[in-house]
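The data below hold one chain only, encoded as structure tokens and taken in the form predicted alone.
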């Protein structure tokens, strides 16, 4: 199978605790390669745009507030079946349900502050990558 790409965010709860390197190591140890990465402080407009799919959900405003509460690291990851591999290493959204050894089991503080985001499909990966990165910023 050819290498594919996915999108990842290391969330404010993790950057606040200086876990960027530890999380990136887990991703790399799982066979994913970081081909683009930048630390940003997401604006409210960026958060609202990125999470627009959740606009009608009761957690939308809290999610946008959380994602703008501190720096995040946005990344493009590349590897064989990248979306699935990233989701496996992240673990279940609720850290209580996450498997041992996953990022969320090891680092998440709660279901909301669960340390990482990852694309859920190849189609969404492209949309999410394009939201934060210009093609020339991705160096594979």
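In this text, all values refer to a predicted model and were calculated from it rather than measured experimentally. Numbering follows the first chain given and starts at 1.
If you look for the form predicted together with a small molecule, you will not find it shown, but the lines that follow are about it.
- Only one of 30, 84, 35, 111 comes within 4.5 Å of the small molecule in the predicted complex through a heavy atom, and that residue is 111.
- None of the heavy atoms of residue 55 is located within 4.5 Å of the small molecule in the predicted complex.
- Residue 104 belongs to the set of residues with a heavy atom inside 4.5 Å of the small molecule in the predicted complex.
- The small molecule in the predicted complex is not approached by residue 69, whose heavy atoms all lie more than 4.5 angstroms from it.
- Taking the partner from the other structure, the small molecule in the predicted complex has a heavy atom within 4.5 Å of a heavy atom of residue 93.
- The stretch from 58-66, 73-81, 22-30, 38-46 that comes within 4.5 Å of the small molecule in the predicted complex, counting heavy atoms only, is 58-66.
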